[in-house]
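Heads up, the chain below is alone and in the form predicted alone; it's given as structure tokens.
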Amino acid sequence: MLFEQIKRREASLSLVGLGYVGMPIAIEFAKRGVKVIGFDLNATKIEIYKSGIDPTHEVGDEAIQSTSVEFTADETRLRAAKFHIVAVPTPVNDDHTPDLTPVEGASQILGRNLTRGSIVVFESTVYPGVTEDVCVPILEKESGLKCGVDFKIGYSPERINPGDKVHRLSTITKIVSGMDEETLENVAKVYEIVVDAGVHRAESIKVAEAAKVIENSQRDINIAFMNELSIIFGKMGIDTLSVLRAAGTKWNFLNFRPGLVGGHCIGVDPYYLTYKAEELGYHSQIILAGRRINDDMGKYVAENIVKKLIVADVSIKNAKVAILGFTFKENCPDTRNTKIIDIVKELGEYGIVPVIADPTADRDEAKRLYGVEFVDMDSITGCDAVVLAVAHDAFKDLAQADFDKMFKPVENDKKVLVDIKGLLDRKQYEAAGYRYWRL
């Protein structure tokens, strides 16, 4: 079996795509004694890894410096591997249709360098059928080889949670699948090398693809429900988090909270499922309704900032607003698909250009993608409103005195404090007279 060759280091494993998902997988396999080739098209990224720096903060610089992974931007090095894992992003287009360009491009590169006897496993989140109906024809065309005869395929959806130091590759049960029983067994055994929590053998590749796409759709719908409750309770003058704490005392109440839904999974994956459903003649109702609510939350937050400024008798035209946090989630430098930009854009409609600080975010990425330049926290002064947007650990120790330094020297009822994630003690700031608001 190919698995045994990999265990004996007679065969190498490759990772195609070395981002927040692919790089930690490569590092973990290497740590367990597997010969790993880490390939990425981005030569600059490869040089950063080679210099011993982890820009993702997922494994840390020390792990990069000590790893045996062969980092390369030379696609021909993939010919030296027999087990290939494809971990490239699967975004959506502006019209919310799936953008399969990255996974198609990876299939072309891998196809050009595929050798007989190989197994190719895709990890990218897709709608059921993409692996077999889209990727396989590309692999066959580029390689001149026949799937099922000269090479085999499998699918094992990624479950890595960027920024999460508890739920890691090795501690999360891995779904695995293969085109036949022998492939399934090989794929399962290979992943068992690094996944201490064990693997779940799915009945088919399509079942594994479907399982992944509904995981994030389920979370999206639940968060959308919380966001809708936040809007309703806001109109009633009821604190949503207080309601959720009370309801959460019931044993079977689901622990979700309102918030901005960005990133590459929860805000994207549902569109893959609804796209395929549309192709089959079914128009999603619940999934798309949840997407609409979550997609509008940045605008909703911005509108409430403006309303609070008006109540505080602050001139909107000249208002100074600071936003603390810009990444799509806490303790992660990734700014791609962040929903904080929706707040920024909506405030811009009112003539407000906020100052933004984020000590965790990738500054270069934010500048390149959004034209946003961060300021240092210490430089934030003279504000009418401060928005605590992301629950970074770096923000959790902020005290009332720290916020006061950011505001203009005025009475507290002129200070608008927006706490999107509910990090602060609401009663403390309301008792002090702040115009406090949260989802």
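From 1 onward, residues are counted along the sequence shown. What you see is a predicted model; the values in this text were computed from it and never measured.
Another form, the form predicted in complex with a small molecule, is not on view; read the next lines as being about it.
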The small molecule: the contacting residue among 160, 229, 355, 221 in the predicted bound form [heavy atom, 4.5 Å]: 160
Residue (of 301, 176, 85, 106) lying close to the small molecule in the predicted bound form, criterion heavy atoms within 4.5 Å: 106
Contact label in the predicted bound form: residue 114 to the small molecule, heavy atom within 4.5 Å: no
Contact of residue 422 with the small molecule in the predicted bound form (heavy atom, 4.5 Å): no
Contact flag, residue 327 vs the small molecule in the predicted bound form, heavy atom cut 4.5 Å: no
is_contact(residue 267, the small molecule) in the predicted bound form, heavy atom dist at most 4.5 Å: no
Interface stretch in the predicted bound form with the small molecule - options 427-435, 6-14, 414-422, 21-29, non-hydrogen atom within 4.5 Å: 21-29
